[in-house]
Each structure stands twice: as C-alpha cells, then as structure tokens.
Ligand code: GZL
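Taking the form predicted alone, here's one chain by itself in structure tokens.
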Amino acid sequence: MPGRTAVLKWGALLSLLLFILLLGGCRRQEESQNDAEEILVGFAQIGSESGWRIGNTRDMEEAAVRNGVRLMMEDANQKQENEIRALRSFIAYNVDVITFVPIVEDGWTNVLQEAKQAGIPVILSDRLVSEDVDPDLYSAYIGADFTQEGRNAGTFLLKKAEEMEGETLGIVELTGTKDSSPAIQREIGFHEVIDGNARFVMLDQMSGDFLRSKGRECMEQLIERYGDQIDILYSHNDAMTYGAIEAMEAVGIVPGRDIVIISVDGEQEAIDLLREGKINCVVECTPMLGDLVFDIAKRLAAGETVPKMTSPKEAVFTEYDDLSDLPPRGY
C-alpha cells in the first residue's frame, strides 16, 4: 500500500507539472500573437519650440500606448536635415509606418520616394508638404485645416472692428516658420476674409518662427517702426503672442485694449490671458492628434484604404464667450 500511494502522489505531481507547462505554452503563444499584432511606427518630431509642440509629443507617446503601437521617435531639433536623417533610419529599420511633421513644405520628394520604394506608408502629421510633391508619395495627412484657422481669425476681426474707433485700423502680422504650411495657409485664410475691407491697413508682416523669443523681438521692432499706428496684432501661434505681449507691456502698451490681439493654438496660458483681457481671440489648433494618427497607421499596416485628409474639430474662443466652464487644455 505505501508503494501504491507514492506512485499516485508522483502521478499527481507529474500531471500538475504537465498542466503548468501547457498553460505556460498557451500564454507564450498568446503573447507572441499579441506582439505580432503590434505595429512599429517611426515618428519624426520637429522639436519642442512651444507648449503646443510639447503637448503634441506627449499626446503621441500616450496615444501609442493606448493604441498598442510601438513607437520609435526622433527629435529633429528644428532642422529639416535631421528629420530626413530620421526618416531614412526608419526606412533602414523597416518600420511598418512612418509619420512625421514636415518643418517646411519643400524638400521631401527624395526621401518620400525612398519610403515608397521600401513599401512603407507615410502619414503627414500636423503639417503638409508642398502641392508640388506627388500626393502618391504619402498615404494620409492628419492635422488642422490651417486655412480655416486663418478665416476664423479674420471673422473675429470683422466683428471686433465694428466696435473699434478710427477710419482705418493698422494690422501687424507675426507669421510662423517661413515656408511651413501653417504659416502659408493661416496667412491665406486671414486675408481671404479681411482683404478688400477699406478700414484694414496691413502695416507689416514678420516671421517669428513660432518662437516666444522671436515673437518679442519682432514686436519690439514693429512698435519702434509703427508706434501707435498698430491697432491689431494677428499672431500665428500662442508662443509668439506671449513674446509680443512682453514687448508691449515693456513700453506701457496695454495688450488686448490698446492693441487687439488674435492668436492661434489654444494653449492653457493663452486661454488664461484671454480671461484676463490681454488677448481678445484664440483660434484653436489642437495638438491632440495621436489617436487619429495611430488609427490610420494600423489601418494602413493592415492594407486598408484610408482618407487622404483628416482634420480634428476645432473651436474659437473670444472675449465675447463665457469661458468659466472650459476644462483645462492639457497643453
């Protein structure tokens, strides 16, 4: 009897051990299948020039986790050559999908052709490439309708001008990075709305490169050049607007009252300044593009057809609005 009991015990232990091994194998197979379903996306970001850009990077990182995507990210530090180098590294690594933010519109044809030849689909994120670039070289664009943002700025100005004194109103414009799609299209949309109105006089236009420091430098020069002729500032992003406000306050100009300010982006600091009355209008350009980008990326990796252009819904915040219930912006 004792020998039989020992055999039974050993049999039970062997059965348990076999069960554990089988269970482990099933789990490893399931993990392997899950790994196989994950796609690898190479993302070239242009830099960290503003709170908006930092928020965009953070959203892409968090959205990759939410969407079960492995993300390989490179920061180009505001240089196109760094972005092109990053794209070529993604091609060499044979990622499933490439997404990048074109710092300017031109100069991408060669590297896009290389991605096409490698069979890697490309998503343009946040900014567009030139119309001269063959649209077959990229699969999709996900980002704002910059022309509409410019129109939204112009539409606010038409309303605001109705209550402003003066036969003519002098406008200065701080544009973004030269030859970038936001700068080009925000200018086009704004002038679509205001050009032809005899009350508006464009005094000058300067590029602040989407940077706070350059926004201040440009505004200092504009104030020195035009003084109290300036009635309106149209700034292509919030970072430049903050710098411009610093320049105004340094010489005793009251922002939002002495000079009407229209800004684009919708950062938390800009909304706070709008509530304080230092900005009159903020046109939203959301950096929260990650979920849209990775949804399209997964569909492309699966061989699906995707929309060529996808733009998020965006709002306009003005001094006429009740902003008391507006939730934190997150950037």
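As the structure is a prediction and not an experimental result, all values here were calculated from the model. From 1 onward, residues are counted along the sequence shown.
The protein also exists as the form predicted in complex with the named molecule; that form is not presented, and the subsequent description refers to it.
**Q** Just checking whether W52 would be counted as a contact of the named molecule in the predicted complex - the rule being heavy atoms within 4.5 angstroms.
**A** Answer yes; at least one heavy atom of W52 falls within 4.5 Å of the named molecule in the predicted complex.
**Q** At 4.5 Å between heavy atoms, is Y234 in contact with the named molecule in the predicted complex?
**A** No, Y234 is distant from the partner.
**Q** Is there a heavy atom of F146 no more than 4.5 Å from a heavy atom of the named molecule in the predicted complex?
**A** Yes, contact at 4.5 Å.
**Q** Is there a non-hydrogen atom of R127 within 4.5 angstroms of a non-hydrogen atom of the named molecule in the predicted complex?
**A** Yes, contact at 4.5 Å.
**Q** Which is the contacting stretch out of 179-187, 194-202, 83-91, 151-159, given heavy atoms within 4.5 Å of the named molecule in the predicted complex?
**A** Contact criterion met by 179-187 only.
**Q** Only counting heavy atoms and a 4.5 Å limit, does any residue of 92-110 reach the named molecule in the predicted complex, and if so which ones?
**A** Residues within 4.5 Å: none.
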